[in-house]
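Presented below, as structure tokens, is a lone chain in the form predicted on its own.
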């Protein structure tokens, strides 16, 4: 489904950044503030019984604060489609920086592992 140009809450979807098995991620813009964000639109549809669970999980994600974790800024459900609004990582993802099969120097791998362990701590 092409969602470019659609609105989710106060956000307009401007460009598809990527997609996976569970969601599509779009570049978005807050229609009033003009700020740029990433919006993860989940493929699943939530029923009334799932709304509270989604809200609890979104609040938990929003409470995570660390330099190596992308912040969740907002969330919502448009119709039955849940979405998360997150900081936009201007430098992209590791997946695009280092395509599958790319051999990285051990020093680079160690740096990434340290960042992940710091965030998990």
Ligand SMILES: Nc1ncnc2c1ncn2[C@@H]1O[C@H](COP(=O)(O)OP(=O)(O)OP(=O)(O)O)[C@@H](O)[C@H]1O
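Keep in mind it's a predicted model, so treat the numbers as computed, not measured. Positions refer to the first chain, counted from 1.
The form predicted together with this ligand is left out here; the points below concern that form.
- When this ligand is considered in the model of the complex, residue 89 lines it closely, a heavy atom lying within 4.5 Å.
- Put simply, residue 13 is far from this ligand in the model of the complex: not one heavy atom of it is within 4.5 Å.
- Among residues of the shown chain, residue 95 is one whose heavy atoms approach this ligand to within 4.5 Å in the model of the complex.
- None of the heavy atoms of residue 9 is located within 4.5 Å of this ligand in the model of the complex.
- Contacts with this ligand in the model of the complex, taken as any heavy atom within 4.5 Å, map within 9 to 36 to 17, 18, 19, 20, 21, 22, 23, 25.
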